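Both blocks below hold the same protein chain, though in two forms, and each is given as structure tokens: structure 1 and structure 2.
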Structure 1
Amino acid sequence: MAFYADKDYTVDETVLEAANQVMAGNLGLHWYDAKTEKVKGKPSDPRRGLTYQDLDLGSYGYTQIPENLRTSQSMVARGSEKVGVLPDMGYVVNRKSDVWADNVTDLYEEDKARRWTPAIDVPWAELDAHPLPAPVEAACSQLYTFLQECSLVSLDFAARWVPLINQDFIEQKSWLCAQMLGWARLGEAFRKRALYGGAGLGRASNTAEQGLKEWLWADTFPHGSLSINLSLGGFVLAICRHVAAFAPSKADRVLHGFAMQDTARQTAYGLGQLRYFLSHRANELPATQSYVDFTEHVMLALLGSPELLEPLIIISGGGLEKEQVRSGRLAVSKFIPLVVSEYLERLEAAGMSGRRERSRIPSVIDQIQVAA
């Protein structure tokens, strides 16, 4: 439903008169003595510049944000003076523990410092100088098609929640916006790589799409962040690390080196947010365990997708010859349990003790056999 301001300002004579008075030189300066705290922010490290951590000062700082925001529903910047009737923005996330992580400002500043540009930072010409064998190039195109699906759902998750989170959490919302830029950048890089080699895009994965939608539409931000930031972020990080190790070209190696940086930050926030949430809301642990019980099957939907496994095998082995496929299968057989192990370790580190014993995933992947 549309929102309409309390008056039509094109016919409000008081607004026009006020503007005319100011332009005539009659400055009211009512803002000059705003009842706000007077501070002076300085960079703690001149080489790094002025950061959000340097501005964690008094009423302007994020340390003093209360757990429950009951009187701040407008878009007013935290710490400024509130005058008159301000619009209620209808924020639905108003608890700090729902979104906060102790590392969120560090991750935001790091993201800005380490941004890269797919158009020029990936050595695309290497693919012209050293073309890949057709099966390997086709496998790369399929893999990057799969990774685009993961990128887009991660971007959509952050975009879905930004307007719903209270404006007082400006540093966390800044981080979500950085996430959107990061996943847009990764989506761009994956798409360009899929199309540059001449094989075109591959086939979408039905199981991955179904699972990713389930994670995306989690009812709460903490549950969605657990799924998208921690679980999916860690999953994509593992893929990028694996492909970087078996990279068929310099372009692929460089691309995945950058991608590892971006997805590592995503995963770090997911772990930090879950840890903060559970440390401040211990009573929510049973519900969170139940949520993971119900939704972690998505990890298997991703890991078991032929649209992922087959290109990984071909890339890892270097081709479609029998021995190449055998070598690739052996490499991927190590990749699968490693992904699951790291996923469970992160949950345990965030405060979900006993997750390894409770999870259904290890027993399922144990059934995946590598034929001789």
Structure 2
Amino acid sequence: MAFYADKDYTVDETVLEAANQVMAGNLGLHWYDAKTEKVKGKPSDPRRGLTYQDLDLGSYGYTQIPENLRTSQSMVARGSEKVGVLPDMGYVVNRKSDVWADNVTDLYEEDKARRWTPAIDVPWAELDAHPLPAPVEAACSQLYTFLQECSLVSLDFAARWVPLINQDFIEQKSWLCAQMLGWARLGEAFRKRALYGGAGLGRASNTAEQGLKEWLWADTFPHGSLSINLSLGGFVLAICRHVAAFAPSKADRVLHGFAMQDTARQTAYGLGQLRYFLSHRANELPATQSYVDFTEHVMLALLGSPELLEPLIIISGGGLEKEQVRSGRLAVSKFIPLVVSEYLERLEAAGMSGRRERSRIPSVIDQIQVAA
């Protein structure tokens, strides 16, 4: 085992003595006058309840978290009195600008307030009442297979970083946990939709998975967040908006209505984090530009994956007939530049000025548009 207690406490006299003294009524009360700030928070708006923003008070608040956490490596809650020998939890992310975003507490509160349940909030029976034509259902099954791959990678990303991030960033870690549940729920919704339609699952995408793994395994949290939250989140958000707009069934429309809310929150955090990172660490801009130069090919891998592209054409056009494919192709030819344009726009807004000119993606997209 990686961690053993320092001794056998069942035979440790000091433990027995401490316990016996207390249970004999001799209370030491060493904690009673803890050197901490006395506060009494309350809701600023009763309709909203008691938010984390309401508790941004003095030494407890997130505003006062310093950029570098040098003295907190244990599980102590921010603002409590630290005493004795506290364990080192081995956190490797200890700089506020590596994880923080000005919207992170808003997003956490919003996430809890806007929760939903795929099992009951999607009108699954609509798919029985109005079955889709076989090619469209097959396309749905393939699209939802692809979306499950995206969800799993996003889920793993949030989970991977939670235990590595310093405890003092409580609100941000809580947000990552909300993301975890959010992506588990989206994966659930996509799987249920794929299987309920009767066509089973489709084929996994090696193109997409290769790219997704590159994004997932980024060396640093800011770079990984840029890839997974801003880029992948924005990409899945665009798919949700597109499928909702061309929804082949009411179940699909409702599902993507909820899914777009969830993915928009992921995207907003991605943008907020990158903006915070670059505004506090301007010297990181060249390295971040270089990281994006190197990994932006993944956006193409996702957009051009046949396992996404073809089902999207079929869903957008309503079938496999020639005219339907033509119409679907036109819709997808508008969708692709929309995704890329919003992606570059977010990067620019976050502080990566000149990204649009520097990126190699638009030249490929121009060719796609011409081809379509």
Partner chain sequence: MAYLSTTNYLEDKNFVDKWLYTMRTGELDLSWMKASTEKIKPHEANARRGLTYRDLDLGSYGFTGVPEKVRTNRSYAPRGAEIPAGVPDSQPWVSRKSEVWAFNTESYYEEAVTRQWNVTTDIPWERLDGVELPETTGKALSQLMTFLTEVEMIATDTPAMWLPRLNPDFIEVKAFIAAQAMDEARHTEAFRKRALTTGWGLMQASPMNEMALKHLRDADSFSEMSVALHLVAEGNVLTLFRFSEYLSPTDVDKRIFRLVMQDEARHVGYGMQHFKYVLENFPEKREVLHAHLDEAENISFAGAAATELTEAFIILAGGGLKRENIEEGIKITTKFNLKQMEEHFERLEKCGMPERKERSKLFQMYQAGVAAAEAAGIKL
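Take the two forms, superpose them, and find the largest set of C-alpha atoms that agree within 1.5 Å; that set is the rigid core. Since we're looking at a predicted model, the values are computed, not measured. Along the sequence of structure 1, residues get numbers from 1 upward.
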query: Pair member which, unlike the other, is the form predicted alone; finding: 1
query: Core-superposed C-alpha of S363 shifting 2 Å or more between structures 1 and 2; finding: no
query: Post core alignment: E348 C-alpha displaced by 2 Å or more between structures 1 and 2; finding: no
query: Between structures 1 and 2, C-alpha offset at L16 (rigid core aligned, Å); finding: 3.1
